[in-house]
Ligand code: THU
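This document starts with one chain, in the form predicted alone, laid out as structure tokens.
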């Protein structure tokens, strides 16, 4: 594994420690690497009104966009679980919005990695190209 991917995984694990998950206790961390190597962190932020909760993946993406950046290279998602946990549907849709080719690493508590892409996570996803077909 490349050094820069190990760094991305370490940052995803760090981000998970910052999660605000008092209800589910399910802490998720995301680390989004940009084309220049900068890493943007995201964690899940829960709310007593569950619908207002934001996932780690979207927190990282929205933070990058707020910085004026959409040049995503790779996303690492860490969950303290024996299983590989995949992003929810809303997060999958947001990832595909920016790049269906975005590389995604799912990481479990043993630091094992399952690599995929945004398109593989959301086959036949709805994109801006679908809006121009009228």
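Numbering follows the first chain given and starts at 1. None of the values given here were measured: they were computed from a predicted structure.
What comes next is about the form predicted in complex with this ligand, which is not displayed.
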Checking 46, 73, 97, 80 against this ligand in the model of the complex, the residue with a non-hydrogen atom inside 4.5 angstroms turns out to be 46
Which one of 107, 55, 104, 40 is close to this ligand in the model of the complex, taking close to mean a heavy atom within 4.5 Å? 55
Residue 17, heavy atom within 4.5 angstroms of this ligand in the model of the complex: no
Does this ligand get within 4.5 angstroms of any non-hydrogen atom of residue 66 in the model of the complex? no
This ligand contact at residue 28 in the model of the complex, heavy atom, 4.5 Å: yes
Taking any heavy atom pair closer than or equal to 4.5 Å as contact, tell me whether residue 88 reaches this ligand in the model of the complex. yes
Heavy atoms, 4.5 Å, this ligand in the model of the complex: which of 7-15, 120-128, 107-115, 20-28 makes the cut? Say which one. 20-28
